[in-house]
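Each of two forms of one protein chain follows alone as structure tokens, named structure 1 and structure 2.
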Structure 1
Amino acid sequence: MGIENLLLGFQVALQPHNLMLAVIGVALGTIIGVLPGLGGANGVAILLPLTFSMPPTSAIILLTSLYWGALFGGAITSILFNIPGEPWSVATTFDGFPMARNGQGGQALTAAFTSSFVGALFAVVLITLFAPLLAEVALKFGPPEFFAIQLLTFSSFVGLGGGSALKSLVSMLIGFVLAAVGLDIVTGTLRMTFGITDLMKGFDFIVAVIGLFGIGEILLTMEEGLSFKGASAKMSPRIVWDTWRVLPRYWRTFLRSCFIGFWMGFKPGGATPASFMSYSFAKRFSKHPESFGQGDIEGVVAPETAAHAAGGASILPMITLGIPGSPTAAVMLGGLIIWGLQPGPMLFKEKPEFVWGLIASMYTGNVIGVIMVLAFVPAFAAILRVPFAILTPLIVSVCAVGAYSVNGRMIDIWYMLVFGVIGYVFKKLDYPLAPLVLALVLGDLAENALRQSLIMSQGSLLIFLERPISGVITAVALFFFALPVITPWWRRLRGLPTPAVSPRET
């Protein structure tokens, strides 16, 4: 993988019409990312038929640029309105929305966009240097390793999340129950549908997130009395520069989140668990964990960096092994096959201009993306000046359209409202929503990996400890689960005071 290959890629990516496609893709992706319910995968799927007449390299540049734009756009509504545009933006709401309410929307957006760029750049550099080696590592992951990683994600929220471990477990349990509703794809039986046909498909994750965060926050705001005054929001372009001067302080968080995101992305794990896990680690290792959930900029840096590192890394198994690392990569894989390209190691030799053009476009697409979104930070922040009482009907309408667009069913709007009430009750009782959301999105994946592993071992749980990779990951996960019990005991043993529980967990 010489430098000449990358230069060949840049010769392709920097051609004027390919640069123009990258700009169009980023712009479309940003719009799609902002709208809850659509998502990058749906956006790529909608655009895919339009690329059939294009050369494959130009087509993949357009689609990947749309993917980067969706990743950037997902943070905008998460920070401004507490409505995650994408599943991986859920963790960004924990501190991004409080920052916006505190008049720091511009800083939160700048931190999110910059972190996204850093995470994506880290992933692309590693792909450039180590693509074949990393592909071999990804091949060693089977169902036991996948389940061990899901277990580690769950345990990081219980052991590293702070606050009440019991409340986190209760929230997670409710998420698992909701994730289990619908058709069991292994046995073909129905679970907890109570004879209601509409429940056969279960609850879509994005519908639940829109309700839990968007509608739940609106109900809470209505109870407190709708404000007819907008939040203060500085519109000066200097907010970008001022935020950049602060961000280098969090270099450890950047570095840790890059590695977590890349590791979760290059094997089929995904950006959503990466963002949650990175947030938990950032909170655990922060000098001020009590400020998380109240508007800490580090709580925006961690999930956004990890999500983009995972998003970039998910392209790697698609081109080297033909295994998509994310739903969006799966749609792109379909495009590769339609264009007559066979993903795999031979693709590097047979179509170098395509592979290296794609890798080079990941550099140019991210640079174009971060410049475009940063240029509009003052405009995005200015939305906060509009009184919330005026924005509320618009937000509810966007939520309803987003929920409906997921499956094109009216029942999803009712689900959204029910989840909104659940989100409101959780916030009033000070129960964390994050473990519920995490269990809801990963519940099916974890269950399938667990059952496949048990079939492989004929029912023995030792399979998770006997295999080297899954054994190490499972041991770390069990340690994290035990941390809430070990930590107080260790502090009493050393005569240290017991820390106060955070007033509200995320």
Structure 2
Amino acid sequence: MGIENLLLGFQVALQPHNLMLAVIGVALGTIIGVLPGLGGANGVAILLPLTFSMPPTSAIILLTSLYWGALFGGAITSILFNIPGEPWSVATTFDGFPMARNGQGGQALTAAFTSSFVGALFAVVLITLFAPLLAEVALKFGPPEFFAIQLLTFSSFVGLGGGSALKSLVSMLIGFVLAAVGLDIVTGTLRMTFGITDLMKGFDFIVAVIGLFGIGEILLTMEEGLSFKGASAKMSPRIVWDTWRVLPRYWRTFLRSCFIGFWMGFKPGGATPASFMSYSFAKRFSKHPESFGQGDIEGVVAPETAAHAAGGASILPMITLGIPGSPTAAVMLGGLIIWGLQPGPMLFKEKPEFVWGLIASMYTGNVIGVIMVLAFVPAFAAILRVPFAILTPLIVSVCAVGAYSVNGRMIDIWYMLVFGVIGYVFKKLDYPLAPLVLALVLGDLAENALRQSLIMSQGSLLIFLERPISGVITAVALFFFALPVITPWWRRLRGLPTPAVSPRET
């Protein structure tokens, strides 16, 4: 059954017209991904009105290709400029940028693109094979399970992140507090706005990311006395080939990251926690964890594979259940409804050429994507020869444009600047920035899941432990939270020396 359907899909996806749309989509997406702040969600939203006159299948192929392109493009700025184009590229900066600084930019980019491709391909193969079954599992998830998953994500930061567990916790709490600012959708109450109109819409994580990572990094590099410049990347078939020969060594990381990514991709906002979790696990299981953050190729492979497996997987709940797994998928879902399609399990029966055309285009789009980005990296590397007196104001103004384009509000440019200073101070004091951003992205979802669960249990927190699936996940999460307390005690008991604090990751 699956094979027949997939062949039908390929008949749609391989039509010259649709292939051309995929190429255009990937190219536009890469540009959007490279420009900080203008991420996949914005790109899809901006292009959406242009697709209303197209057949739905061609339209979704254009938009998903743009999504793949943006995912690939995000890695370019993360590695060369230390500016993550998307929240799930944040973890890629930890080792990608140090690699580029050490003159291994080409290797880092090749590793990132290849990992993205592997992750996405894994996700698409699984979607093809298990779509109906997996949709059923996700159907059984209630609010307690969603909250337990989120708890697990955050506990892995505190327990496995390295550095100060307290500072990770505070960073995460700040993110949640910032996410809570504004209108409470459940009750309609204004929270922490203190009568200021501008605070009503809250803080957008894209603005925070641009400030914390974009502006903050420029300030930090300036202080270190380096003239600001992106790291250089030489790209040649030779470098690509040599990197490809090294990569199979990390098959364990690939496999683990694929599974983490795909599993996390179910739930909304999954790609970002997947990339961080995968990074933490790669570091945890590595024989040389101290090289992480210094430019370890495994630190690029892990988050990129997981993020793209999750990015691919996020399409699955969107088409099977009508639940978007990512902001970009949410915008696409809006498109589906406008094109007159009813998202949900019936789509497989009623519009097989649409569903399977979309799935087949995920194969073709990723193949086109990896070839195009590998071929055009020299064009992006040319940007790096620009003197810093041009690059600095250019990056600041592009960041401002990105921050403004999220909501079209001037106040967001000010927030960007403030977040820049916060990012600078926090980095110096070893407060990790990633938990803050992640909490800001997931805040509303986590809070809603918590409140719905408590309504179900009439206020008892035991609900998270009593239900079988959420019980297991919550127990693991609590163990991770307790790890920083347990580990020193355990070491003392065994007479092992206390390790030095690991180097900062952000």
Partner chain sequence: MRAADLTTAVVLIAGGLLVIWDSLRIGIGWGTDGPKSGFFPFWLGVLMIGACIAIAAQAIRRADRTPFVRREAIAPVLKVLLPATAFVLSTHWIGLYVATTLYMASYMRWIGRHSWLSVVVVSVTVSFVTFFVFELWFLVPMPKGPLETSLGY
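Quick note, the numbers are simply positions in structure 1, starting from 1. Everything numeric here is computed off the predicted structure, so don't read it as measured data. Between two forms, the rigid core is defined as the largest C-alpha subset superposing within 1.5 Å.
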**Study point:** Pair member that is the form predicted together with the partner chain
**Key:** 2
Review point. Fitting the rigid core first, would the Cα of residue 436 be found 2 Å or more away between structures 1 and 2?
Key: yes
Practice item. Once the core is aligned, please say if the CA of residue 15 is shifted by at least 2 angstroms between structures 1 and 2. Key: no
**Study point:** residue 191 C-alpha moves between structures 1 and 2 by 2 Å or more, core aligned
**Key:** yes
